[in-house]
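Presented as structure tokens, the chain that follows is alone, the form predicted alone.
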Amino acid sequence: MEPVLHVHDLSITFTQNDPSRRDLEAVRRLSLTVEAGQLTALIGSSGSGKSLLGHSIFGILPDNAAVGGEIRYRGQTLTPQRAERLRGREIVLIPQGVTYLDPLRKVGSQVCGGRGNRARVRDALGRYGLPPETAERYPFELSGGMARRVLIAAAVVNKPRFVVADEPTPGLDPRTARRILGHLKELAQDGAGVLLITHDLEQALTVADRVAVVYAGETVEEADAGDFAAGRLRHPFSRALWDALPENGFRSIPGTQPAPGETGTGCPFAPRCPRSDAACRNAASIPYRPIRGGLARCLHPEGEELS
């Protein structure tokens, strides 16, 4: 069976609108797969290109963006024209900010796009623990947690096959965050493919089936969520993310992620990597390859002896 979403070697380059007209590569060699009935978490630091992937899936990148590589949805290339036909119906985005709600429209009309009856609106809101009177409120009358649940209800009311949730929990208290992540997990258990875009590995591991790790615009590993706790990680950056969690002692590594446009040849993580050598720093291209049941872009993966 074809995956719901397959991204292969995606690149996104922006032409800067200044006299230099310089091209800025924000995403390069980003690959991942999302299966039906599965929640895949895309993990990375701010500025690593995570949200740009979501915007490219829905064909909503700005005009100065050039996209390379391939995005396939249910076995067929997802062109901007096809994305426009499908979005809001079969594929939906749960956006990062609650400001996507129209402040001048009541919640009920936004949940069902002005087409639904009261019972349909009530059922959609009730699924996410929102009382019926929520339909008659304006967004400014909602708490942050309620507004995010409204966004989820509006996104999934038509039973989509593919859902992208872009950083759905920042700023929420832990209880509300867990509830929203639980709703996303329910969507996957009901058969949809779900892509959770987040920087919070600890939260993602509570619901994810698979985890794709991105660094400086490229995927460095894709693995089962259980591989983190089981110590089966392959890429040193994935290991660094795991070691930095509170329960693992907040162990960090020196250095910072390069900004878009600052990556050169070789592995962008090499300057911070304890396993890197000259080959890592100078390679024209590092293959994204199967390693011990997962995928990783690394010449000297975790678990292998260094020569």
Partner chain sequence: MSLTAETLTFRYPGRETVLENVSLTVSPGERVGLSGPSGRGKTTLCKLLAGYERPVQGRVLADGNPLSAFSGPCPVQLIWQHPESAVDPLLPLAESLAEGGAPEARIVDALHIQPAWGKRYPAELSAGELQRFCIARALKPGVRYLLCDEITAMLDPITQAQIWRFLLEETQRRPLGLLIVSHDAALLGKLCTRAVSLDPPPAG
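Numbering follows the first chain given and starts at 1. Worth saying up front: this structure is predicted, and the values here are computed from it rather than measured.
Here the subject shifts to the form predicted together with the partner chain, a form of this protein not shown in this document.
Q: Would you mind picking out the stretch of 59-67, 274-282, 242-250, 28-36 that comes within 4.5 angstroms of the partner chain in the predicted complex, counting non-hydrogen atoms?
A: Of the options, only 242-250 has residues within 4.5 Å of the partner.
Q: Going by heavy atom distances of 4.5 angstroms or less, which of 202, 133, 141, 123 would be at the interface with the partner chain in the predicted complex?
A: It is 202.
Q: Quick one: from 147, 86, 172, 207, grab the residue that has a heavy atom within 4.5 Å of the partner chain in the predicted complex.
A: Here the answer is residue option 172.
Q: Answer for residue 47 alone: is it within 4.5 Å of the partner chain in the predicted complex, judged on heavy atom distances?
A: Yes.
Q: Is there a non-hydrogen atom of residue 257 within 4.5 angstroms of a non-hydrogen atom of the partner chain in the predicted complex?
A: Yes, residue 257 lies within 4.5 Å of the partner chain in the predicted complex.
Q: May I ask you to check whether residue 228 falls inside a 4.5 Å heavy atom distance of the partner chain in the predicted complex?
A: So residue 228 does not count as contacting the partner chain.
Q: Would residue 162 count as a contact of the partner chain in the predicted complex, using a 4.5 angstroms cut-off between non-hydrogen atoms?
A: Contact check for residue 162: no, nothing within 4.5 Å of the partner chain in the predicted complex.
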